[in-house]
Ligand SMILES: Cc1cc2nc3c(=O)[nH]c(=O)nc-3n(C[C@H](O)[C@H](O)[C@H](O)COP(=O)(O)OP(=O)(O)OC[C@H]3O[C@@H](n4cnc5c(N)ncnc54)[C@H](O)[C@@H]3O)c2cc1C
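As a starting point, one isolated chain is supplied in structure tokens, in the form predicted on its own.
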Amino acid sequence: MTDLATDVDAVNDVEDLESFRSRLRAWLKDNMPAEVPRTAVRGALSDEEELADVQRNRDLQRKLYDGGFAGIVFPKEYGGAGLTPAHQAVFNSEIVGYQFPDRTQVPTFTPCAAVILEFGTEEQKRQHLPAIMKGEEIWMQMLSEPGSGSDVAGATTTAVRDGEMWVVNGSKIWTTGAWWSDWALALVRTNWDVPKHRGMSVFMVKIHQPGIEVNRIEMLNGAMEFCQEFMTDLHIPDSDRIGEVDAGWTVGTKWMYYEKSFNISPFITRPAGRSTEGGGSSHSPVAVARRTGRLEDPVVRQLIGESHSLSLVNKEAGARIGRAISGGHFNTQAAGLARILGGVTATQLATLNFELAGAAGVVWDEDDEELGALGVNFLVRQSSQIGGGTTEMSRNVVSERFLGMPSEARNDRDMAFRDVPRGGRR
């Protein structure tokens, strides 16, 4: 009876949405700087400019924390606001037109902070979640490896226990922003004598320390945000392990859910209406068409309509998937639907914007650099269906674990991972 009364009191103590909106609107006006349209081609920032932008994001995150608006749905005891997903939706609508700490959202708040909140010890949560809320810690996820991309369960980076420490050797790759981040969640192998899904553990890894070498990878668009980490006799205390030894896939399954569903996640801030490829309002189809002087072209208007329809369907379908999962009507594997929808939509929107940009998306001068960015986005458009786990993998997950279709045949289901053929082995 006491617990029920406490729960009722807690619900009644939550600020109503209109009061929250009014308070938030006044605070944003007085404290947050106006949004500055992105004009530089992605990857054009120097290292110094990149680091300055990271610091700007940390400062913005601290502003949110000081104002009581950091981590809207995270509990107050860990530095959050202790509110509801509906309050986060209000925040997302009101932050439009203001700067916000976009670098601290994914993967710091989700999946990383969400995983720590669900699976971390009390000590781990009190150590890291308030630091995340304040912008003092930016987190990445160490999942993919050179020999296993979207098949994260194929990890061969190994941790061997040595008393209260674990000694890690191996490599992770495609870690976005590792060179300027602080911590990472890492899925590594701790047991080679059981089937691959049963022999992994999850650790919190401080990125910049002896035993880790971080190398940056230059992409087609000139960006060097992706990194590869080489871990050589890296020592991690057992106190930085999340979940039970060899039970990392239990954590990993929910981790993948948080990763796939970031587009509909209440853990992050995403200004309402922002396109999935991150172009922002300055890359709206109407703005692009007006900039190129093609707004009255009937073909261009068709493209604008198609873009609007795609964005609307992506938004509303994503919201419906989120409600269905929250309400227990869909299992969590339905997050793969949101992943597929978001990835495909982002690819199509990048293509449509490129078509709208016309010749300026291929060759541009300084005045048309924003349109040139659309051309660069087009070149790397397929990354929207690769990063964060390929949409092909999500299709498998949806078909097998959501729709209940037969699983693909596997000959390693009951085989010790050390005996599974890999690479050129036969």
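Start at 1 and count along the sequence shown; that's the residue number. Just so you know, these numbers come straight off a predicted model, no measurement behind them.
Beyond what is shown, the protein has a form predicted together with the named molecule; the following relates to that form.
- Of the heavy atoms in residue 408, some are within 4.5 Å of the named molecule in the model of the complex.
- Within this chain, residue 68 is remote from the site of the named molecule in the model of the complex, having no heavy atom within 4.5 Å.
- Put simply, residue 173 is close to the named molecule in the model of the complex: some heavy atom of it is within 4.5 Å.
- The named molecule is not drawn, but in the model of the complex it has no heavy atom within 4.5 Å of residue 358.
- This chain lacks the partner; the member of 350, 200, 142, 335 within 4.5 angstroms of the named molecule in the model of the complex by a non-hydrogen atom is 142.
- In summary, among the residues 35, 392, 53, 369, the only one with a non-hydrogen atom within 4.5 Å of the named molecule in the model of the complex is 392.
- Just one listed stretch, out of 27-35, 382-390, 56-64, 359-367, contacts the named molecule in the model of the complex at the 4.5 Å heavy atom level, and that stretch is 382-390.
- The partner is not shown here, but in the model of the complex the stretch 218-257 reaches within 4.5 angstroms of the named molecule through a heavy atom at 226 alone.
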